[in-house]
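Shown here is one chain on its own, the form predicted alone, set out as structure tokens.
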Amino acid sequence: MSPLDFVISLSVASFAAGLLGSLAGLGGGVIIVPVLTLLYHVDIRLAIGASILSVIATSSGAAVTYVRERLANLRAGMFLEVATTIGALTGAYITTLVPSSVLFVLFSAVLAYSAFAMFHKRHGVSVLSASNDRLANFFHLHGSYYDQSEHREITYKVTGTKLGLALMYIAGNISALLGVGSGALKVPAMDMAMHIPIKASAATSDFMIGVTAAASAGAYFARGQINPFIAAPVAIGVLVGAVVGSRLLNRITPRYIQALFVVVLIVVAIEMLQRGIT
């Protein structure tokens, strides 16, 4: 494959990853890393470095629309970012100690867990009308948005903030270790542990992932694990896909988003596990 063909095909694949990542709150990296390692045979650490930049692009492209449409919960996002940023800095250090095969297996395990969790809760959690969570009430983390598919205003109360913070720290670690937006953990955590509706969870996840990725991007750059020839088309493709996906999210019913989320995660988890154990 010529360099031009490589750039074009990678840009197209990245566009698809950004589109899917934006719709599901994944950040695109969950697709980009398998694409680069399985299809283009890029070293997993270089793939993670490129994915880190794509995650920042996804967040930048999608967050504007989500904030304008009031889908993203800004207060909850900034509150949870404290834990994810600390986790990302921790993960950026740990990745230097972990062999590639372990990264593949870990990637597979994270995706498999997320797929199971989302399938188990595929009908969505109930929206709370009241919350006794002290942190959520003190910081006013509750929110609302207008659901275009249901043609009504959705008002929800947030709970489980302590569990949410713990899960976000783990998500930050995963983000730095695997180069993903960690939406695979953030979305289920907000949806199931904190009772934030799936659309608001996906939008808030996309809003958060750029900060999480930026916390670890410097470490990858310093170690020479960001190749511009790979990272540039990935970032551009993912950015365009994220912008398109962000405009579609509020027009799609939640159960379709969750079904798409589960199918993609299962397929990718199997592929990454095979790569890790062979």
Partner chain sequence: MKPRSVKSIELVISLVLQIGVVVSSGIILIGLVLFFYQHGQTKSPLNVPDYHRYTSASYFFPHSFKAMKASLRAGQGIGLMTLGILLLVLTPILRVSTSILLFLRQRDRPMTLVTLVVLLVLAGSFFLGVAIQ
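On a predicted model such as this, the values are computed, not experimentally measured, just so you know. Positions refer to the first chain, counted from 1.
The next section is about a form of this same protein that is not shown, the form predicted in complex with its partner chain.
Asker: With the cut-off set at 4.5 Å between non-hydrogen atoms, does residue 162 touch its partner chain in the model of the complex?
Answerer: Answer no; every heavy atom of residue 162 is more than 4.5 Å from its partner chain in the model of the complex.
Asker: Using the partner position in the model of the complex, report whether residue 85 sits within 4.5 Å of its partner chain, counting heavy atoms only.
Answerer: Taking the distances in the model of the complex, the answer for residue 85 is yes, it comes within 4.5 Å of its partner chain.
Asker: Does the 4.5 Å heavy atom contact test between residue 7 and its partner chain in the model of the complex come out positive?
Answerer: Contact check for residue 7: yes, within 4.5 Å of its partner chain in the model of the complex.
Asker: Whether residue 166 contacts its partner chain in the model of the complex should be assessed with a 4.5 Å heavy atom distance threshold; does it?
Answerer: So residue 166 does not count as contacting its partner chain.
Asker: Is it the case that 23, 189 and 200 all touch its partner chain in the model of the complex, with a non-hydrogen atom of each within 4.5 angstroms?
Answerer: The answer is no: none of the three residues contacts the partner (heavy atom, 4.5 Å cut-off).
Asker: Sort through 167 to 175, 192 to 200, 86 to 94, 147 to 155 and report the only stretch with a non-hydrogen atom within 4.5 Å of its partner chain in the model of the complex.
Answerer: Looking at the partner contacts, the answer comes out as 86 to 94.
Asker: Could you work out which of 102, 127, 74, 109 is the residue within 4.5 angstroms of its partner chain in the model of the complex, going by heavy atoms?
Answerer: Filtering the options by heavy-atom distance leaves 74.
Asker: What are the residues of 222 to 237, in order along the chain, with a heavy atom within 4.5 Å of its partner chain in the model of the complex?
Answerer: 222, 223, 224, 226, 227, 228, 229, 230, 231, 232, 235, 236 sit within 4.5 Å of the partner.
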